[in-house]
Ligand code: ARG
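So this first bit is one chain, no partners, the form predicted on its own, shown in structure tokens.
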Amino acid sequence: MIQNIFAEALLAAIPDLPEDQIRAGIEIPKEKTMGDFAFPCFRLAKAFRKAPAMIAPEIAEKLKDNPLFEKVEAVGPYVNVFIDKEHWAQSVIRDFMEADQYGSGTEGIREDGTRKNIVLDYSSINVAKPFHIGHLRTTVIGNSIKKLHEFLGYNTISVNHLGDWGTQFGKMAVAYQKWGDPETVDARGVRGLMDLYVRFHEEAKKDPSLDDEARAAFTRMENNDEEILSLWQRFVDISLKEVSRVYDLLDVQFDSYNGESFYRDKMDAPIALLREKGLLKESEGAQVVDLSEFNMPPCLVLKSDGSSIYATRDIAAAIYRKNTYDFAKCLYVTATEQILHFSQVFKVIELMGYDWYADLVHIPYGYVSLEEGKLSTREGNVIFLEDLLNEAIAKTRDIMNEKNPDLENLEEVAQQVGVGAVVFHDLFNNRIKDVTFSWDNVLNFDGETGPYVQYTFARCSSVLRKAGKLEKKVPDASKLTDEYAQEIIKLIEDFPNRVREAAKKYEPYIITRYTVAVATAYNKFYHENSILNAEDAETRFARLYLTKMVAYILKTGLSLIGVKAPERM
């Protein structure tokens, strides 16, 4: 990479400065007129016993004869360099041509060739409740983080930790026994179950004893009561049948659907270890772990009736995953409201003596709310995710029927673009940012959107189809020195960095916004330069090869956020 070459030139010019400090010090100026890279000399003042503004000209003098640099300037305390355009294009093309999969990496592969395991816990839908837009974020963020790590060589294990255990199933069982109609539930599926859940909470406001019945029903579940477990299994089967349609639309798959119920026979050992280490304390009849010295409230492990709670099952799940997968990291993608919960769980695991507690990572994301107010399953104030995705597909279909009615595979493309628009919109901002759901915003296909990036990829594909098969030769880099080609070249070189940054920070939006930047740069290049009818054969081939590189970057970038790239739109 060009930045590495600049770092090596600086290292030769300043041999006394450690290499890591040189690399860390390199900056990219905000203004293009200030150069491609800059190096501030502030850290050198003490060693050189000179002002930074006096050191910069000395370093610039040592760099000026390097053929890599078109121009070297000392501006105050900074050394600014302009990279030779042809050299830059040549370097990026070479790296691209030599790579099996440009931008990927081997961070996840050990020296012996085995892959490190990454367990990802995301989506984690609640059985018997709607798969609504509030679950979209965890699902698409987790799916993208999985794809990023796979691209870097890790072996990923995706877990859908189903919310299929707990007092809410006691509520569902009571509601079904009191007001449920099997035919209605069969016909309405999860929507019928949600109707019962909403009714339970309405009735419980008038008759609080219903909550006691629900708790008793859940205790019966934990004691393997066949009648209650039979109802519970019915709720699970109905839910999984319906949510599978949504996962199919999103093209999201999981390696495991082991939910909370899976751990109901795996909690005894952790609880026994907590007792053995003297960590369990009684509090108002319940069993808790005191975390006051860590500025956290106590972690509830067993309720006063002896039944388990989320924390109990999450502790058991973490231990099971470590024993089963020997993970390098276990990632939990859940909302910000669970930050305290996971802080408590991770601290308890540390206190239990497990040194791998540091490999447990909570990845929080912001809230999703409706313009009308907060999402609430209890109040029935939700938008089903399946409805949202189907609406997006229908709108896309209408647009395509109007603009390109003869498009092959129109239904398939409408699904790829419609679903892609929803996913791209969700991943466009920092994950911690709260999102207010708006139909108009999600289904707006103009501007910095998924359809815009997809359309640019389709444009690249069209150009390449018309060109026919490209020769197997190295493009002439001197034909790619105009400002529009150079902007693309610089972005392509940065792709591996963006992938690593997105994976390290668990931030898919870095890739999402990057694809917009590449698409924008290519569209400017496309409008300013003739490609198929270029002035000579070498220029034509170079521009076509650049188009091929952009097509790869866009398709790969979109795939890393879970969005398809249709070749025709």
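Residue indices: 1-based, along the sequence shown. Computed from a prediction, not measured in an experiment: that's the story for all the values here.
What follows is about the form predicted together with this ligand, which we do not show.
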property	result
Candidate stretches 187-195, 337-345, 82-90, 248-256 - the one whose heavy atoms come within 4.5 Å of this ligand in the predicted complex	337-345
Contact label in the predicted complex: Y325 to this ligand, heavy atom within 4.5 Å	no
In the predicted complex, H161 touching this ligand (heavy atom, 4.5 Å)	yes
Partner proximity in the predicted complex: K395 to this ligand, non-hydrogen atom cutoff 4.5 Å	no
Non-hydrogen atom contact F384 with this ligand in the predicted complex at 4.5 angstroms	no
Contact residue in the predicted complex, from W179, Y310, F445, Y367 (heavy atom within 4.5 Å of this ligand)	Y310
Partner-contacting position among Q168, N117, N126, Q416 - heavy atom within 4.5 Å of this ligand in the predicted complex	N126
